[in-house]
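Only one chain is shown below, in structure tokens, and it's the form predicted on its own.
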Amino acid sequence: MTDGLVPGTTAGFIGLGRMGRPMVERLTEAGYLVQGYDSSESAVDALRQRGGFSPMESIARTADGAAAVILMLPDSGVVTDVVVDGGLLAAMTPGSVLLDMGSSDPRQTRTLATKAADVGVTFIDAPVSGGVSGAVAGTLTVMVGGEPDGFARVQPLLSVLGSRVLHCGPVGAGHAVKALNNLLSATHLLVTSEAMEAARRFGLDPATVLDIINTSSGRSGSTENKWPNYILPGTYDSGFGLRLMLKDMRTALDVARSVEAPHELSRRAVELWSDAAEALDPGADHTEIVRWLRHSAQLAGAESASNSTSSKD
């Protein structure tokens, strides 16, 4: 087995945004040498003066002398553009590792893994859960897909980024688990928001209701984190976009359909989140699903009142 990716290793990093930046900061603090690239000059500038970080002028240059290249990109389409069309894979050294840590389609991940294997590069999918705060604190959950030897090799590096680094199965498994997790998370949030709106209209105090639920069987990440930290204060700034959540939900639904698993509730949840995406601003945070829910209810109530008045006339 090839040596593990331990501190002192040179690693490329592409995608220096909200998640990528704190991940690079943690890697350099741990002693990794990171050579990074982002299409946004401001994202690069935010890290330019950091010790252990070297800005690269192109995608391909991130692979120069690197034992691994990490991708933190929004979807499989962008990943393919970078890896294939952007020349990254062609520039990588045989024996190196390519880690896709974003939320990609597991089927496309397997296609790229085959292309990588053809040139002697190991492809590992390692998406994360925990958001920007988890990236800053190094408490992410990392879901890894790949062969056991590949997992053992990347585990030291991933352990710098996450407090739980879990091997899910062969390549693509990590991305499948991440999509299914986000489908659950989104569905939890929507039904939690419906329940909380019902509580509010019944005259209950939302904070009190949440406090009770969080020591009862209805608790979830939505009641313990999203509602008290981003929705009740009205900040709606979790750092994860609504459209990114919807993209992951659709990926999970496609996975369910591909294996002929039951998916009726999942399908309906995707439809409702799709309606919200069309109604809200393109950059809306995923916690703003609550704003859409309330607005939709107001519109429905107004329409019902109008119809009632018309029928009396």
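From 1 onward, residues are counted along the sequence shown. Because the structure is a prediction, the values reported are computed rather than measured.
What follows is about the form predicted in complex with ligand NAD, which we do not show.
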- Message: Considering non-hydrogen atoms and a 4.5 Å limit, does ligand NAD approach Ser222 in the model of the complex?
- Response: no
- Query: For Gly87, is any heavy atom within 4.5 Å of ligand NAD in the model of the complex, or not?
  - Reply: no
- Is Tyr32 close enough to touch ligand NAD in the model of the complex, meaning at least one heavy atom pair within 4.5 Å? no
- Query: Does Thr109 make contact with ligand NAD in the model of the complex, using a 4.5 Å heavy atom cut-off?
  - Reply: no
- Task: Just one of 35-43, 48-56, 249-257, 266-274 has residues with a heavy atom within 4.5 Å of ligand NAD in the model of the complex, so point it out.
- Result: 35-43
- Note on the structure: The one residue among Ile231, Met72, Ala176, Leu157 placing a heavy atom within 4.5 Å of ligand NAD in the model of the complex is Met72
- Query: Taking ligand NAD in the model of the complex as the reference, which of Ile213, Val132, Leu190, Ala199 has a non-hydrogen atom within 4.5 Å?
  - Reply: Val132
- Message: Please determine whether each residue of Gly15, Gly239 and Leu244 possesses a non-hydrogen atom within 4.5 angstroms of ligand NAD in the model of the complex.
- Response: yes
- Task: Counting only non-hydrogen atoms and a 4.5 Å cut-off, give the residues of 98-114 close to ligand NAD in the model of the complex.
- Result: Gly102, Ser103
